[in-house]
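Just one chain follows, in the form predicted on its own, and it is written as structure tokens.
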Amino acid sequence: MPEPANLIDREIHPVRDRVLLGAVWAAAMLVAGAFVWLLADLLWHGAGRLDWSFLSTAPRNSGRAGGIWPIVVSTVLIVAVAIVVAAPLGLATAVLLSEFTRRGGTTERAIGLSLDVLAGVPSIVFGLFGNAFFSVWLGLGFSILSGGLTLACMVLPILIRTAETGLRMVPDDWRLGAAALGLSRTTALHQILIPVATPVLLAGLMLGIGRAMAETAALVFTSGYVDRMPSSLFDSGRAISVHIYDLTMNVAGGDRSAYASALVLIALLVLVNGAAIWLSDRTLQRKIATR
């Protein structure tokens, strides 16, 4: 005969499971509902402003009329500069922390503390730093390059931490197996560790791109307000987030254009995330096919 305590546990555990499952579903639906509500509000106020002319022409009348094509180009260039600079540095630092430093050692703790502090620094502080260092000290002025380099400093902690986590998730047996086969650390990283950690690396990249695209305060001090088409990376350019802020706060009657610009920003984020997921799946399938 089973003991009474065991009978009680068997009766309670299914209830706990159902409560936990219900709580998880409720949390997921709450998050999804918040996104749907936000998207519906943007569509309600901004969908009527969206057309091909809005996407392919320059803004007129302080953004009340015209489109956002130069704004989109400036945004893409700023984010591209940030990712091109931050991604190699982030991956290299993550490799250093996960593969070449002792876990719990002084070097790892010092670098980890620096990353945690950087991740918590307000964006306005990065903007002041970028203005003082890139715009003034390096002489880049208000330019796409200054804005991109400032955003690179902002997204580095996210990229490094996610890449480090992805590399640490690879079992140590894989490293020992590679060493037993006589593979160098470089070969093991290139052929085994980094391909396995690719989904996590791309997740960190998506988070970094999302933060870079949505940033406003840092870009006001570095890339500037100019809404014309940039001629080079040394020219000033207005990001979509800055454009939305300006239309909402400084331009009377610019709300509809601000809502439409926000829809374009969300669409760009969806496209970037979809491309990253597709690239991740394609990379994994290619690695599996070649084995």
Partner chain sequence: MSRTARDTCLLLGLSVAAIVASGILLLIILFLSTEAWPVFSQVGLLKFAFDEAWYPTEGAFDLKPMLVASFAMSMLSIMLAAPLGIASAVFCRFYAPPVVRRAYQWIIILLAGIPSVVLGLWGLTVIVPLILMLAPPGASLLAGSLVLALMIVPTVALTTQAALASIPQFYWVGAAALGLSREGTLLGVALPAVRSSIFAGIMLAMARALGETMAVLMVSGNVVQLPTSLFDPVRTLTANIALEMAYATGDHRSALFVSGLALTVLVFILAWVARRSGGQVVHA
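These numbers come from a predicted model, not from an experiment. Residue numbers count along the first chain shown, from 1.
The discussion below concerns the form predicted together with the partner chain, not included here.
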At the 4.5 Å heavy atom threshold, is residue 75 in contact with the partner chain in the model of the complex? no
Using a 4.5 angstroms cut-off on non-hydrogen atoms, would residue 56 count as touching the partner chain in the model of the complex? no
Using a 4.5 angstroms cut-off on non-hydrogen atoms, would residue 30 count as touching the partner chain in the model of the complex? yes
Is there any non-hydrogen atom of residue 69 lying within 4.5 Å of the partner chain in the model of the complex? no
Using a 4.5 Å cut-off on heavy atoms, which residues of 25 to 43 contact the partner chain in the model of the complex? 25, 27, 28, 29, 30, 31, 32, 34, 35, 37, 38, 41, 42
